[in-house]
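Single chain ahead, written as structure tokens, the form predicted on its own.
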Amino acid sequence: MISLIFCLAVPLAVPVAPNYAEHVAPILIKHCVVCHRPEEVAPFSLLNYEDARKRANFIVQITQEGRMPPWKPEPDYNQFHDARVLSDDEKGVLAKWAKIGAPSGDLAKAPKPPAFESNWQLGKPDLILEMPAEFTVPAGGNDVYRCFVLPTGLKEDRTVAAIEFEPGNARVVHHALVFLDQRGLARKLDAKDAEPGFATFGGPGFLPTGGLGGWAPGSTPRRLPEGLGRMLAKGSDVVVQMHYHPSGKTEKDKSKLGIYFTPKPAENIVGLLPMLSRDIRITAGEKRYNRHVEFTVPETVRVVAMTPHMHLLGKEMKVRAITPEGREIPLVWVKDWNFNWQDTYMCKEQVEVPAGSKFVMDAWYDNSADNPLNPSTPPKEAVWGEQTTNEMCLCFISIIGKNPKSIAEVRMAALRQMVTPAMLLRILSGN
């Protein structure tokens, strides 16, 4: 009897008869409509009851499978800001609602969808950079990957607290990654291409001297904690790598990037450390090809964020640090890699990695006919490169060191351990 009374006294997390207006609409507004609305990148809208009702079973399927909202890191392997994850209770509400026929409830009680403004979410940026010209995205065919060089014109070094990306045409802009180039390598690539920008797939086509993050639908711009900043050296170019998804008709895009400087020079500079392997040769048909990369860090650093990267054969990537005593420090683990949903993952708390620890990255690839994303039919041998049929093994790690000079020294120490001298020379020359 006591246990029965206790059960009756505790409210159920999932209502017995959830309806759209009171239970489902709040979930969709919180997690989905930022992408699933007119003129956005998602294939259909979820702004009203009828939009949701006719897709109720599909919504349940893709949320139960974890395909939506798109968030790839393992939940118990480090914690990140702005995680796009439905709770078990939210999934339960959606499943129960679909099972009982997707009732509307009193639509007058449904919350109003948010008003999506084109204004900058973090306020007016200190510096606004825009693509030099409109780029035409074809009506159909393969997705387009293209880099655009945006000169900053800065006469002095500045430190960056945040960026905010404003897609010029949300119907076709799938995501964007923002790199820095102090050596003019991207300008040379741009000069060789007759159209605005230059074609690329996967990486930006050169080794960046830094990075400012990225954007994907649903991303929330976030300032770095007070005292931290990314270095934007005078005369640097910002290079925005755009992923375009054809909409079915010819479209044009001219996107913008807003940059927010720190109020005063940052006390701690966040630098970019690449973990990589160019030694990739995946034979046709191989289902579980592995690349293992590691290096010993010469000084204590703090990890702020990670940006894993592979191409279409990629299946899983795990990045961690191992202390001299053998303790594992989790950084990021993506078990279900999808090239279309890559992101920069900012740690909720900075992760300290002691001097003498090993950064370790394992990446796995599937070059078999069973991989539905395999770009080659039948499968062909894949090697490192920028093309669709090539592969990459890379994770950009944002770190804080003792000072900007020490970050550069850590970066070079890592490259010397990870690649051959001849390959290091090629990387530094941009080839």
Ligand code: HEC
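All residue numbers are counted from 1 along the displayed sequence. Just so we're clear, the structure is a prediction, and the values are computed from it rather than from any experiment.
In what follows, reference is made to the form predicted together with the named molecule, a form of this protein that is not presented.
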From the candidate stretches 395-403, 382-390, 366-374, 57-65, select the single one in contact with the named molecule in the predicted complex, where contact means a heavy atom within 4.5 Å.
-> 57-65
Contact label in the predicted complex: H174 to the named molecule, heavy atom within 4.5 Å | yes
Hey, in the predicted complex, does A42 get a heavy atom within 4.5 angstroms of the named molecule?
-> yes
Indicate whether R84 is a 4.5 Å heavy atom neighbour of the named molecule in the predicted complex.
-> yes
Taking heavy atoms only, is L47 within 4.5 angstroms of the named molecule in the predicted complex?
-> no
Given that the named molecule is left out here, which of W120, W333, F295, W341 has a heavy atom within 4.5 Å of it in the predicted complex?
-> W341
